[in-house]
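Single chain ahead, written as structure tokens, the form predicted alone.
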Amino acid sequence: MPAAKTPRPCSIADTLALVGEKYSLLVLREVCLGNGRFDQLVRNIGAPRDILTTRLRRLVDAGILTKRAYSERPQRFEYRPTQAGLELEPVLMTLMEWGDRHLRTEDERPMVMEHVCGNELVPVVTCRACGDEVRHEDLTAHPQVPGWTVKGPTAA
């Protein structure tokens, strides 16, 4: 089957266009951990300075981070997550949990997050309406864009 001229409209693709570039989610990780100064970001992420500058600018322009001066001489800035940025934090936690489960052994985990209740955080996606844990077999997709089905574009 030939490739569609226009890919499926998708919020995942739109989100990845903002945060899917190399280092972008790592920037968000560090900023959510409270490491929002440029030198901290360079040290903790290992990104080249020019690439990091580009990622930071894009995340600020997208409304995911804010930039605020903390020194006038020399002029230096720190970055903090906006509400939109904080709403991505559960995604980071879920990615971390997946990586811990599938890419590491129990004693190789580089970080453990503690919830305010005092226990280790193990993120679980639940249905807002019923509270049940979300499982693949319980989901049904309903495309909302005219001309698209679950299988792909409808015939023209």
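The first residue of the shown sequence is 1; numbering continues from there. Just so we're clear, the structure is a prediction, and the values are computed from it rather than from any experiment.
Although it is not shown, the form predicted together with the DNA is what the next lines describe.
Only one segment in the set 117-125, 63-71, 98-106, 27-35 has residues whose heavy atoms sit within 4.5 Å of the DNA in the predicted complex; it is 63-71. Proximity of P48 to the DNA in the predicted complex falls within the 4.5 Å heavy atom cutoff. Contact between T53 and the DNA in the predicted complex is found at the 4.5 Å heavy atom cutoff. When contacts are judged by a 4.5 Å heavy atom cut-off, D39 counts as touching the DNA in the predicted complex. Within 4.5 Å of some heavy atom of the DNA in the predicted complex lies at least one heavy atom of Y23.
Although the DNA is not shown here, in the predicted complex the stretch 76-90 places heavy atoms of R76, F77, Y79 within 4.5 Å of it, in sequence order.
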